[in-house]
Every structure is written in structure tokens, then in C-alpha cells.
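First comes one chain, alone, set out as C-alpha cells in the form predicted alone.
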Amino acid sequence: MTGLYIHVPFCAVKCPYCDFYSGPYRRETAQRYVEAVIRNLTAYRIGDTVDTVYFGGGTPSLLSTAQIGSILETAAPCLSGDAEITLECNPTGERGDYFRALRRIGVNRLSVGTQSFSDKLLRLIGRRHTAQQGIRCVEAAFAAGFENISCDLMLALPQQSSALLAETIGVLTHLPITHVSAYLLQVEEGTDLSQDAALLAQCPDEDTAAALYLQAVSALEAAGFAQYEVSSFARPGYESRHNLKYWHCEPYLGIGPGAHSCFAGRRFCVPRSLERFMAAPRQEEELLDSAPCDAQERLMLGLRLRYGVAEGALSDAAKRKLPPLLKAGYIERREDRIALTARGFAVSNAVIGMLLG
């Protein structure tokens, strides 16, 4: 089974913290982009059953339902009957009719960029929606027939306190949602945020960020959202099938400027240029790895999952590093498996690097 990722490189306004490739939305340009996506879907001849489709961005909900429908229609010959089809959207405007039209063309999962339910924090990070708009968006999606809705939750925001986070999670967990993507704010080089010294000075330090993460894990799990990956929480049976492909080293094909793939035995990305993507008969590929998903990479990715990895798959050198990590509470044994604890997930890069480095 293969996953399909469609990168939609348009935004109404670029968020100051965002490093994903995107540019301004123009109706004519968007149509040329859609035509290029369709051309690529035809050119690749996937040759396998596609059981997940993910429209990411950027802001995929800037595309019309007719445009999204034409992409799905092109992909239809290789789609499984129970394919998980996700579209990211921003909670701005009245979206009821749009959501109902998405359901009619086969989209069955929404990922809503709520980020926070504090108007103060939303303004600080440059989001255009209000907390109330976020609530109304989720409620409208549910009323339109979406039973599988994910919301984004950003942690370690400027001026974010434990109390503000608790308030946001309280609102979030009372909405009709099935999944939460909770991730720490990352300051990426070259973004507007990275140049804003005054705002950066208001961000929590590492210890406070870790405390906010652990608070989120505890509160979400108490509300019935089980952690299954470093940044992912779901009600039973609603784990993101598409995102799990990344951590299980399963094949996925990315289409669009800036998209990444692990497909046909290679890992590659598409240059971050919309014009080059639209002009090419088939998207350009920049090779990243000619032999991906070796044993070491599978271990690294597997440790991002709450299920962890088989202890027997670790090298002797890695096994010798287990005792201090177990004693410190960063990892735990579960029968014959090794898994990171919530505390370990809070500093996962360091723990995985220490264990496998």
C-alpha cells in the first residue's frame, strides 16, 4: 500500500513561524498548479494501491472543491475503497458549504489549523483566525458529516503559560474531534519569527517548553486521546494512517514543489519552485537517499512511536546505553520492546541520538 501526499503551495498570508514552501494564492496560478498535479499523477503510473491521500501545505483549502475533486478523480483508479483522504484547512470564514462539498467528493478527514484557543497567543504568532472561529470551524465540519477531525495544538508559544495551555486544551477536548497534533514551536532559520528578537525573547526556555509538553500529554490522555507518536494523539481507531507511513517506513509519493517522497526504493524531494513544477512535464526529483529505510533508520523512526521497537533489534552498543536511560525515566521496557516515555518524548531527539549514535 502506498500513500499519496499533495503539497499545495498557496497561502493567503504566510505565518511568521512557517518554513513550509508556499507563496501567495492566485486563481489562475492555482489552476495551472492543479493541472500540473494531474499531469504528474498520470506520469508516475503508481502501480500500487493507494490507501491514504493527504493534501498538505500551504493552505489546501484555498483550492476549490472542483479542483480537489479533479485531483482525486485522476487518482481514483489506484485508490482503495477505504482510503483515508485528509485535507488541511485554516479556520477562517464560514466553511459549511465547502465542507459538505468536500464530503461529496470523497474527502473523509480534516486537519484543522486551530493552534490555540487564546486570542492573545493567536495574534502573537500571526494567525488570522480567532479562537471562536476555530470552534465554529470544527463544529461546521462535524455538522457537514466529518467524523474524523484532527486539530493542531502548538506548544511553547510566546507568553504561553500553563494556565493558558490548560484553557486551550479544555476547549479542544470538548470539541467533536478524534485526533490532536501537538507540537513544539520550532524557530526555523529564514522565517520572519527567526528575525523577531522581541518575540523570541517571550518564548519559554527549554525546561518550560518540556513542562508544557508533558502537561499536554497528561491532559490529552486524561481526555481520551492516547499518545501514539511524539506529536500525535488519537481516540482509539483514529490514528492518522497517512502519518504512520512515515514512521513505519512505508512507501509514499509526494507531488508538488517542496514535497518529499520515499517511493520506488528511493527518497527524494521536489525543488521548492512553483514555476519549475508547473513548467515540467514531470516534476524534477532531487535524490536524497538511494537506499532508504535501512535497519538504523527503522529504529530511529520506530522510537518516535509509543509502541517503540524490539529490544533485540538494537545493537550491542545501544543495549549498553539502556540502563542510565531506563533509570532516568526516559525510556521503559514493555515485555520485549523498548519505548520512550512521555518524559523521553519531550527530549526525543537527544534521547534517540544518545541511544543510536
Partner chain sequence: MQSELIRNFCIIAHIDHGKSTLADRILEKTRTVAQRDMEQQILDNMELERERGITIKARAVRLNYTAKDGNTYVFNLIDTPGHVDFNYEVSRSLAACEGAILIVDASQGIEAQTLANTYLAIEHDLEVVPVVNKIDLPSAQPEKVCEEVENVIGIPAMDAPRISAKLGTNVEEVLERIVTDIPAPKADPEAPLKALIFDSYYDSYKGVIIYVRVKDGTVKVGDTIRLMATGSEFTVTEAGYMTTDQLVNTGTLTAGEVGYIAASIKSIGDTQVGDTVTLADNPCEEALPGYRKVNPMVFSGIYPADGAKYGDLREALEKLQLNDAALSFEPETSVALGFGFRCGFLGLLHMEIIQERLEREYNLDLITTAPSVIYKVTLTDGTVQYIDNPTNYPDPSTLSLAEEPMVKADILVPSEFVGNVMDLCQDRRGTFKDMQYLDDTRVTLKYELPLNEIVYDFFDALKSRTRGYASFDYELMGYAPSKLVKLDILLNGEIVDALSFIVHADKAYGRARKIAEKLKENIPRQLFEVPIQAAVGGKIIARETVKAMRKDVLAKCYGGDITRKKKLLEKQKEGKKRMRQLGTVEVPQEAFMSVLKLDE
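Residue numbers count along the first chain shown, from 1. Just so we're clear, the structure is a prediction, and the values are computed from it rather than from any experiment.
Another form exists, predicted in complex with the partner chain; not displayed. Remarks below refer to it.
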TODO: Find out whether any non-hydrogen atom of Ser231 is located within 4.5 angstroms of the partner chain in the predicted bound form, and reply yes or no.
DONE: yes
Open item on the list: Contact with the partner chain in the predicted bound form for Trp247, defined as at least one heavy atom pair within 4.5 Å: yes or no?
Closed with: yes
Task: is_contact(Asp207, the partner chain) in the predicted bound form, heavy atom dist at most 4.5 Å - done: yes
Task: Non-hydrogen atom contact Ile338 with the partner chain in the predicted bound form at 4.5 angstroms - done: no
Task: Per-stretch contact check against the partner chain in the predicted bound form, the hit in 22-30, 307-315, 66-74, 325-333 (non-hydrogen atom, 4.5 angstroms) - done: 325-333
TODO: Sort through Arg100, His129, Arg267, Arg136 and report the residue having a heavy atom within 4.5 Å of the partner chain in the predicted bound form.
DONE: Arg267
Task: Option touching the partner chain, based on a heavy atom within 4.5 Å in the predicted bound form, out of Asn243, Thr168, Gln160, Asn90 - done: Asn243
- [ ] Would you confirm whether the three residues Leu288, Ala350 and Leu356 all fall within 4.5 Å of the partner chain in the predicted bound form, going by non-hydrogen atoms?
- [x] yes
- [ ] Within 4.5 Å of the partner chain in the predicted bound form, which residues of 273-301 have a heavy atom? Give them in sequence order, or say none.
- [x] Leu288, Asp289, Gln296, Glu297, Met300, Leu301
